[in-house]
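Next up: just one chain, as structure tokens, the form predicted alone.
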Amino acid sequence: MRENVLLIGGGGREHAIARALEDSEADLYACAGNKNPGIARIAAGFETLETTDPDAVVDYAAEIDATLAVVGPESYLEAGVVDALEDAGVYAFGPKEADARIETDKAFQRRFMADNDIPGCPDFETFDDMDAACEFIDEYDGDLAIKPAGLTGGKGVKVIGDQVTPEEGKEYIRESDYDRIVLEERLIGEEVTIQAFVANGAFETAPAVQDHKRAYEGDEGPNTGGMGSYSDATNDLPFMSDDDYEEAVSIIEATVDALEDYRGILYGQFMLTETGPRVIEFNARFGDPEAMNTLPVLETDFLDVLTAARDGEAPPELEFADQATVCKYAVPEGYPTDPEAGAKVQVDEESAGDALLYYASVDERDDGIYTTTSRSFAVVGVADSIDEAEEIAEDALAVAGDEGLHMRHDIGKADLVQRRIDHMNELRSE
């Protein structure tokens, strides 16, 4: 039976999902608040609608006779889109609203980890009284990460001792309009993401990826939704050991066991410290950009993952090509603090050469594609080594040019990767 798959979301992550389903025995349809030209060219139909409105999504699913759905962004999960689709008889690969709280409510996430003895949880406290939070900063012996409890698109965290001073941290808390915040010990090490495909109490994991949140080269500047990422030709990254990867997977396993009915992607973001991996956070969907590292090297048909989940089976054993990937985002000039929209995108699927091109937030007009105020597009190199993959991505960025755009050219370069290796060697020797 040929499936009608509804993809919900219109960013770079969803373009990668669409590509992963392009050659499957499925007719792909999509809906999002923005029209992604890359997805629209793959899909049999694309509807622009308010995708945090579950009723609107259900109506479109009924219109196309959807037999499966994949939910991309976390805000749609928080809105209960998966619950509404299930009530309408459409299986959606993604957690229901209650399970998505593992991402959408960071205070719940930490309490859940503590209550279920899930390893890797840092010291933390939650606050709905901002004055009490500021007092805790004064009294705490060490640096803290300040995290709004709700969704902030990856841009709300401030780290004392790295991004802000204690006084600046307290000012940030007092001037914010957050209802609840989490204060937790600052973790020192290298960040690593491992994405798990979860269904029916079982899971399969993808190779580790390292994202780069800071806006500017050398890991400087404000946090962003992610400026790019890389993976190696093995499950590990160059600064990791097999034990590091397996220990992180064991933390994912404990989390899946505790969640019981979870389905979809469980994304573990870890800090690899001198004592092993600790949990920075969990996300309830593919990472953006990490999906663009993982899905291009997934050799198992992604549709088989979806149908197995729907049919009550464990995910199939996942096969990944033994290749490295480097993803680099192009964003509008001034992003994320004061982005300037309206630059024409000069690269397309053909001119990108050997790189894969994924559109994110762009405006397609009669005379071309233009930037908005969010991340615009990503280019991904896939090759036998990180160095070769990085060169492929850079060649595509050269075609795109830099007029009205900003990129981090250092992602995946040998000297930056070596700094990661040196950093972990230094931490382990202390």
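Each residue number is its position in the shown sequence, starting from 1. It should be emphasised that the depicted structure is a prediction, and the values quoted were computed from it without experimental measurement.
FYI, the form predicted in complex with a small molecule isn't displayed, but the following is about it.
When the small molecule is considered in the predicted bound form, Thr300 lies well away from it, no heavy atom lying within 4.5 Å. A residue is said to contact a partner when one of its heavy atoms sits within 4.5 Å of a partner heavy atom; Val345 fails this definition for the small molecule in the predicted bound form, lying far away. In the predicted bound form, the small molecule lies farther than 4.5 Å from every heavy atom of Asn235.
The closest non-hydrogen atom of Glu97 lies beyond 4.5 Å of the small molecule in the predicted bound form.
Lys213 is the sole member of Lys213, Lys170, Arg101, Arg180 with a non-hydrogen atom lying within 4.5 angstroms of the small molecule in the predicted bound form. Of the candidates Asp105, Glu333, Glu247, Glu184, Glu184 is the one whose heavy atoms come within 4.5 Å of the small molecule in the predicted bound form; the others do not. Site residues Leu21, Thr67 and Asp304 are none of them in contact with the small molecule in the predicted bound form, judged by any heavy atom within 4.5 Å.
Residues of just one listed stretch (156-164, 249-257, 171-179, 345-353) have heavy atoms within 4.5 Å of the small molecule in the predicted bound form: 156-164.
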